[in-house]
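A single chain comes next, written as structure tokens; it is the form predicted on its own.
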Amino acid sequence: MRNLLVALFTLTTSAALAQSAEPQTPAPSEAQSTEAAPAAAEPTIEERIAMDEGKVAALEEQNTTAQSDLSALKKLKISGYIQSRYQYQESLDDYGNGGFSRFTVRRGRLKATYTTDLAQAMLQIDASPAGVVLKDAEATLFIPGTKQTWSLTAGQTKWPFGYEAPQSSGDREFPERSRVIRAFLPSERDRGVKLNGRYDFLRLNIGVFDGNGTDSGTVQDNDKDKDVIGRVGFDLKWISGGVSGWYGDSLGKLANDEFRTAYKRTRIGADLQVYLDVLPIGGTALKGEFIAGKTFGGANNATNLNAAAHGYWLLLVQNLGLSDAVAVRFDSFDPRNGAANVAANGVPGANNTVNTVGLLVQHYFGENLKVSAVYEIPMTAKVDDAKDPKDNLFTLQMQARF
């Protein structure tokens, strides 16, 4: 390549010199009346070759620098998505209390990932009307000799538990996670370290975390105990699933406690996903997950210490061609874990079982934009003369991603 450039440059230079050497009729000027200056000596062939080689070397150096810069840029990936919504919730009672009609930006994610053969750095923030918060800050080591199939991640990262909690909000069908996930894994993230690996169709994710999650209102753990969280799963493409476990403590005081006490924070879970392609109108997905445990989150970041609960969700998604889909989801959460539901002053108890039916219609405008219309019908268990609150919710969401 270098020799070819030298030859081309030499031929070009020689042609130009030949043209300049052709006799031309000089224009009359005052210079003709003066004594002509002595002509400069033409460079020799060796000098022209040396000059051309220097220029080719400079081009090669510039090319090497450009390739180095391009290689570094290929390791950096910038991505993200924006979820803009309109929501309408009907009034909670016949007197017009509660409910809303509002526009909002639910999520504005910006994610930067830099990956090399041995390491990966990932930072994700969420910018919304509520402010800018850190979602993920991960430092990952790809264990040498494993071809990036095994890795160790430290920082602020998602809990390795179940299916819906680690799933990206940009990929999920419904705008929000099911009620049982929001109760047992309220922020989906925590600070800690986890091991990720796969062998053939088997999957393993296990880690040690502070345990309180990033929605606990503090950036530091409030005790010295750590929680162990993990999932063992499988992936056969058309069917996948796993079982998850969580063991740890949560420090706090109940009404009869004089001092703070460490209460058990435990979960067990199982999830399954089936993908079928038998209908001519498009692919079908069936998904489900069950979780039971003790000590879980409540409204306004509250913690239900030492309380047992369980819940599950089932989801059916049917694609209609390449650009449309419909889905139905049923999720159930029982904060009383089988105990009788209650009522007071004509309204169901705050911890009564809630079953929710959700209906979704979705359309993709290309690869980067999708619009979802969702109608959710929560049904709170009622006893005696208590009435189910009128809290049906309609959500129209437009998501753009890059």
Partner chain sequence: MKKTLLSSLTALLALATPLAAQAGTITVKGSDTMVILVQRWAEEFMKKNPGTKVQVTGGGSGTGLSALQNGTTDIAMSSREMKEAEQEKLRARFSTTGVEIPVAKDGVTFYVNDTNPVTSLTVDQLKGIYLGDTTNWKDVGGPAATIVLYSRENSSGTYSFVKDNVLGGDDYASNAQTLPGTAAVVNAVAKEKNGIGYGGAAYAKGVKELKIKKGSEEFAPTADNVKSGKYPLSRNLFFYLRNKPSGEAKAFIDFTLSPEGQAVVTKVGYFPVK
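In this text, all values refer to a predicted model and were calculated from it rather than measured experimentally. Positions refer to the first chain, counted from 1.
From this point on, the text means the form predicted in complex with its partner chain, which you will not see here.
- From the list 373-381, 329-337, 349-357, 48-56, the contact stretch for its partner chain in the predicted bound form under a 4.5 Å heavy atom rule is 373-381.
- Its partner chain in the predicted bound form comes within 4.5 Å of a heavy atom belonging to Leu276.
- Proximity of Glu42 to its partner chain in the predicted bound form: non-hydrogen atoms within 4.5 Å are absent; the residue sits far from the partner.
- None of the heavy atoms of Phe103 is located within 4.5 Å of its partner chain in the predicted bound form.
- Its partner chain is not shown here, and in the predicted bound form it never comes within 4.5 Å of any heavy atom of Ala119.
- At a distance of at most 4.5 angstroms from its partner chain in the predicted bound form, none of the three residues Gly155, Lys264 and Arg267 contributes a non-hydrogen atom.
- This chain appears without its partner; in the predicted bound form, the one residue of Thr113, Asn222, Ser240, Ser169 with a heavy atom within 4.5 Å of its partner chain is Ser240.
- Put simply, of Arg191, Arg203, Lys226, Arg85 only one has a heavy atom within 4.5 Å of its partner chain in the predicted bound form, and it is Arg203.
- Contact residues in stretch 282-308 (any heavy atom within 4.5 Å of its partner chain, taken in the predicted bound form) are Gly282, Gly283, Thr284, Ala285.
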